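The same protein chain appears twice below, in two forms, each given on its own as structure tokens and labelled structure 1 and structure 2.
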Structure 1
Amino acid sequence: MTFRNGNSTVLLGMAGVFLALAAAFGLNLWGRPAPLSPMLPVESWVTNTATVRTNYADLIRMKADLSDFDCYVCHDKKKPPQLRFDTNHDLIIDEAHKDVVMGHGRHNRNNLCFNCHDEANLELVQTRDGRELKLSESTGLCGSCHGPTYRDWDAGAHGRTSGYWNRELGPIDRKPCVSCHNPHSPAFPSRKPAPGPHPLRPDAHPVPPEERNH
């Protein structure tokens, strides 16, 4: 008898504790956690895998307008264009080539058109070691002056490599220099960094609004 009574006292006591807790939660005595801020989808520029430039080889594949590359529509095969200089010895670029903005190297050291283009055949480029390459295959041209960077690129340490590691499944895709560098002004344009991961509870580690979701 006493054993049973003891048992029901414990049960009653526990029921009381649970009822008290239910009342406390119901009355929200400890407050509720702040609602989570909405998780905005990542902006598309962050996940876009396109390179910063569309080069000549890409334009050929896309069957785009190639008129800028049709040198002999305007030029005469027998008369190579002449380079002209102003009184400061700066190269004068013709109005017809106003898209060509030169700035190759910090001191414009590599601005002369025929350091790269072949004056005898404008559709080709010429390397320092005397090779003639198609305008759509200019990586060897860059490599002929930028040996160490070319070596790094060839090893996959500079630029971007994608495609297949297992060559039996498919080819490797190594982006050419001109996918990222404009040959005429090759300094890589600065770009804003991608945003950090979404903080689930931003108030725990506040991020200033101007740094959120760039």
Structure 2
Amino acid sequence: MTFRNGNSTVLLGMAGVFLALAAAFGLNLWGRPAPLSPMLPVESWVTNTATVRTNYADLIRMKADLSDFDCYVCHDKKKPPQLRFDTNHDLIIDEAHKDVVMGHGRHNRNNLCFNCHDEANLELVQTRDGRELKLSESTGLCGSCHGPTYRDWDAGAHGRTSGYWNRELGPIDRKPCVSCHNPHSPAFPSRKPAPGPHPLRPDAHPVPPEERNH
């Protein structure tokens, strides 16, 4: 009987506490938390998974217009193009290639077309060790100079890799260098950072909506 009375006392006490808490919450004795700041939609570039550039091999797969890559529409197959230089021995970009900005390496030491392009066949590129590669195989050209970075890329530690690490489950897709780097000016440009995650709690110092993505 004593055990039952003890249980009843505990249960009644707990019920009283819960009722008191319910009344306190109902009367809003402690106030209510400040509303959360709105979760604004992010810009489309934040969720876009495409690479910053479209490489030549992808253009072939997409059956895109490749006329811009047909060098011999303008150049003569029988003789290499003649390069012109200014008084500082800087390469003069022809009007037909005015969109090309040369910036490969420091002090303009690599701003020479035939360091990479094969002057005897403009449809090919040539590596430091003399190999001739198609434009769609340009990663081998990059690797012939940038050995450590190429090894990181080949191991999956540099660049864009997707697909299956376990090759028994499916293929792996490793994007070539030119999917991210412009071969004429390969330094990767800075990008605006994506907005941070929503804190899911009231902001102590709310940031105006127009400043949240900056």
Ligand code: HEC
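Numbering runs along the sequence of structure 1, starting at 1. Note that the rigid core is defined as the largest set of C-alphas that superpose within 1.5 Å between two forms. Keep in mind that what you see is a predicted model, and the values were worked out from it rather than measured.
J.: Please identify the form predicted alone: structure 1 or structure 2?
T.: Answer to the question: structure 2 is the form predicted alone, whereas structure 1 comes from elsewhere.
J.: Of R191, M39, P80, I93, which is at the hinge where one rigid part rotates against the other between the two structures?
T.: It is M39 that lies at the hinge between the two structures.
J.: Once the larger parts are superposed on C-alpha atoms, what angle in degrees does the smaller rigid part turn through between the two structures?
T.: Value: 19 degrees, smaller part relative to larger.
J.: Give the rigid core superposed Cα shift of A20 between the two structures, in Å, rounded to one decimal.
T.: That residue's C-alpha sits 9.6 Å away in the other form.
J.: A64: how large is its C-alpha shift between the two structures, with the rigid core as the superposition reference, in Å?
T.: Its C-alpha moves by 2.4 Å once the cores are overlaid.
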